[in-house]
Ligand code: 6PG
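A lone chain, given as structure tokens: the form predicted on its own.
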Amino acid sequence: MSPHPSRILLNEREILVFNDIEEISEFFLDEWQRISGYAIRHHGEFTVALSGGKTPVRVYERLSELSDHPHWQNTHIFLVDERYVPFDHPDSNYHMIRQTLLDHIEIPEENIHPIPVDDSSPDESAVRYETELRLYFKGEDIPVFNLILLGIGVDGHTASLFPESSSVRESRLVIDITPQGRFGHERVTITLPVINNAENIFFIVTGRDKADVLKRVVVDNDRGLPASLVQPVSGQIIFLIDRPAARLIS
């Protein structure tokens, strides 16, 4: 049975507060099946872009329990962003998603669309991934994903779109990023036009260390934070958060 979270509406954002990541994962599992089922019934396929990081690990582990679900045959999985490292590198988002989810489900290999990291530069990788998106979503100026899953960094970044970066004003679908400071590796990321064109956007945010930035995003609507700029054109946006992350939201 799906958990029953507390519901808050702030600045046209729906925020669902759960006890912990287990409840978030259970709820997201139900939403995944609902959205994928609708997309496949009406369009013949389900397209999703997944994020890396530590927060969604448990979510992907729960999704892997649907190992032989028939929806996987018509599901196409893309990545929101990627560090420009080999696929077997411990910092690779694709590596994490493959270990927690892809290796455990019956999905055709051609339905998996990692961001390439074998080009001579991140910029070439970005061009190549944008080309792949345009070919796959042919007929659409901007891809329309059925679902995009995002997180928020303590600095307010989402995907690999960082504060005080021109990346938030990009019109290209995919760009390369050289983050400053502790974030290290060069990256390739989809941009806000792609994110905001999705039918369903879910943020998963957990932990006390995210409480301040979450308040700045959903209460203060701080436009200096890339996560605040995620505002779907016509789709829905839902924040799935745990109680420690919600401590500054009333």
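All residue numbers are counted from 1 along the displayed sequence. Bear in mind that the values here come from a model prediction, so they are computed numbers and not experimental data.
If you look for the form predicted together with 6-phosphogluconic acid, you will not find it shown, but the lines that follow are about it.
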Inset, instruction - Using heavy atoms only and a 4.5 Å cut-off, determine which of 177, 159, 174, 115 is in contact with 6-phosphogluconic acid in the model of the complex. - result: 159
Inset, instruction - Although 6-phosphogluconic acid is absent from this view, report whether residue 34 comes within 4.5 Å of it in the model of the complex, heavy atoms only. - result: no
Inset, instruction - Give a yes or no for residue 51: in the model of the complex, does one of its heavy atoms lie within 4.5 Å of a heavy atom belonging to 6-phosphogluconic acid? - result: yes
Inset, instruction - Considering only heavy atoms, tell me if residue 125 and 6-phosphogluconic acid come within 4.5 Å of each other in the model of the complex. - result: no
Inset, instruction - Answer yes if any heavy atom of residue 151 is within 4.5 Å of a heavy atom of 6-phosphogluconic acid in the model of the complex; otherwise answer no. - result: yes
Legend entry - Interface stretch in the model of the complex with 6-phosphogluconic acid - options 106-114, 151-159, 164-172, 132-140, non-hydrogen atom within 4.5 Å: 151-159
Inset, instruction - Determine the residues of 63-84 with a heavy atom within 4.5 Å of 6-phosphogluconic acid in the model of the complex and present them in sequence order; the list may be empty. - result: 81, 83
